[in-house]
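Take a look at this single chain, the form predicted alone, given in structure tokens.
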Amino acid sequence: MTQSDQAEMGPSKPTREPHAAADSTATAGNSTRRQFLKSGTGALAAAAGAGAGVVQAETSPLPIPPTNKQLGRGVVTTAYGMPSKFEADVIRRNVEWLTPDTMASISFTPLQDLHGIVTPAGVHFERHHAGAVDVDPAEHVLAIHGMVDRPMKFTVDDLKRMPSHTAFHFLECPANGAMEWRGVQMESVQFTHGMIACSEWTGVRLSTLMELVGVDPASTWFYAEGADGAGLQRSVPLPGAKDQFGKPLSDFDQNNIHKDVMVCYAQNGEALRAENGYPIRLLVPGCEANMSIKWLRRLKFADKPLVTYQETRHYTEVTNDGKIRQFSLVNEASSVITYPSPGHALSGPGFHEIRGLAWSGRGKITGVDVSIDGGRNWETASLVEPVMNKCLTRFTFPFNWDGAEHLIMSRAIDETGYVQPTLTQLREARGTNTIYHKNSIQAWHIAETGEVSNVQVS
């Protein structure tokens, strides 16, 4: 990627500092990776022996629980399965003061309470411009027209008969983290990073539909529109794309965005939920989630962007020099530590596994670094397989907490070499007049009590 491409899409790459030596004595009580691997479970046993917050196994017989003495509930064949009542707090949440009403608002994914990379559909974040709608699949059609040889309409059943494609991808609102741009610090991963979710998507590749309708090679954009009250509309680039002023988009955008695009009818093995676009939606992996139009009703191919209301009134960014970034479509590499995090305090000194998520709209995550001293020293975290294209990636890092204060943070690196920037680097490149594409390093403060809070570190 050229320097001009990087300048167009975000801050220049910060230098990735060398990692601390793997066999050196780690700072602030952290066990190094080599020491931890050598010791195996010995680290946990030692912590237990020292009374450092690890529960020791007892030798007395287990008491018989009440549930061993009663019948459980019978199978209810007509009900949709629900989580345990003890997980009732793991839900989507809304910030009431964020928008005037819920018709054009957001609910946030409880990332801090989830495991793995797949977000259950029931807690997938919502962002609506005119509320969720109920579309009858028997009446719904997708029209494809514009610069094509054969304008066509497809029913939902037509789409389901075509060769299917399944892939895991994340969706992220470009306003994820927006409240932190100007220093509003939210005390939960759900509200700092919860405008993101990751699912298994099934549908039809855009390339399959393009072949059926015979898209004109001169077409360099397509326009997507939804069937909701807002008629949400976005332009998506194809190879050779230029903006409305004739300026070419970056090589990455025009050559890579369209490759993974799908028209989806299923999510995580079942039909799309209504709030996620039932019966069909567009999926533009790695890009601003608003481009993945829900309740998709038409695709129009053209040789320029249509420059819709949403591409002028919203989803543009005013930079330090007063210029406006438009069509900054890709979500750059980012990461966040989900444990420990605000609301998930450390129970006591001893071994704890730092866990988190990393992602990039430019492809695969190739590395994550973790610091426990506010960014003075960095060490390499372990990536948890599977590691996939434009998909959430789990990472872990061993941490022996000594009961002292710490500033913990993570930074992601993707396959293009892009390194997640600091907040200072991002503000220097973008200013503070925007609410979009905040992908800076997130820091959490661990107090001596084990409580965790949100802090901003430059």
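Each residue number is its position in the shown sequence, starting from 1. Since we're looking at a predicted model, the values are computed, not measured.
Form predicted in complex with a small molecule: not shown, discussed below.
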Heavy atom within 4.5 Å of the small molecule in the predicted bound form, from candidates Phe154, Trp181, Phe301, Phe125, belongs to Phe125
Scan Leu238, Leu232, Ile144, Leu206 and let me know which has any heavy atom within 4.5 Å of the small molecule in the predicted bound form. Leu232
Triple contact flag His169, Val261 and Arg362 to the small molecule in the predicted bound form, non-hydrogen atom at 4.5 angstroms: no
Partner absent here, but in the predicted bound form, which of 330-338, 83-91, 368-376, 289-297 has residues with a heavy atom within 4.5 Å of the small molecule? 289-297
Against the small molecule in the predicted bound form, would Lys160 count as a contact residue? Criterion: heavy atoms within 4.5 Å. no
Arg281, heavy atom within 4.5 angstroms of the small molecule in the predicted bound form: yes
Should Trp221 be counted as a contact of the small molecule in the predicted bound form, where contact means heavy atoms within 4.5 Å? no
Any chance Asp228 has a heavy atom within 4.5 Å of the small molecule in the predicted bound form? yes
